[in-house]
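First comes one chain, alone, set out as structure tokens in the form predicted alone.
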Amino acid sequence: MHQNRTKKLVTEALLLGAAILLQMIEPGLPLAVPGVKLGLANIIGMIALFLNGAGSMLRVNLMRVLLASLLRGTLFGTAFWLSLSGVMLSSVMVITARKFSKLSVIGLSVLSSVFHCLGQILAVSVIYENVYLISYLPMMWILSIPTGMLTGILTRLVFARIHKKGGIEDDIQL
């Protein structure tokens, strides 16, 4: 049993490192829409959820935001609070949806992307004390659907690479 806990801890640490790396490099990727990010680090959060459970997803996502913000020098700045709000709301919603629905990995990824936007808009509205910032939400949701689909497809491809008979893929609707 102790070896199983050690394996989970090592796996979670490796996932955290990968998530931090993806979060750090993503702003440098050229995209057609300025200010839009793909959410590549969310792939790692999904993997943590399916490999080690909800607690692992929450830990990886929370530590990713904290450590990446610390490395960037934005800890406790506006970008930190927006990232934290988005990732925590989306994580809770994905965990809940996985428990109570039959959504596929791609469906969960789209759900994550949509709620990440909502979390960010709610946070920025509170920070700037401006409820009218919610008017950005429809455009953000329109963009979040294809990015969520893309990260879902990438997550699915990663699962295919680490598939083992009787392993995680059997528990995931691909």
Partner chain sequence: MKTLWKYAKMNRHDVILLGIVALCAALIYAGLFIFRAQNSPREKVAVVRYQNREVMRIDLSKDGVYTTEATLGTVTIEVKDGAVRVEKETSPYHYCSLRGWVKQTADPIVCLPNELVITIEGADDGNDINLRCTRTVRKNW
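Residue numbers count along the first chain shown, from 1. Everything numeric here is computed off the predicted structure, so don't read it as measured data.
This next part talks about the form predicted together with its partner chain, which is not shown.
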Does any heavy atom of T96 come within 4.5 Å of a heavy atom of its partner chain in the model of the complex? no
Are any of the heavy atoms in I145 no more than 4.5 Å from a heavy atom of its partner chain in the model of the complex? yes
When the contact criterion is heavy atoms within 4.5 Å, does I134 count as touching its partner chain in the model of the complex? yes
Is A54 a contact residue for its partner chain in the model of the complex, using a 4.5 Å heavy atom cut-off? no
Can you pick out, from V10, L21, I153, I162, the residue that has a heavy atom within 4.5 Å of its partner chain in the model of the complex? I153
Contact residue in the model of the complex, from L122, L38, V114, L62 (heavy atom within 4.5 Å of its partner chain): V114
Taking G45, S69 and G73 as the candidate spot, are all three within 4.5 angstroms of its partner chain in the model of the complex by heavy atoms? no
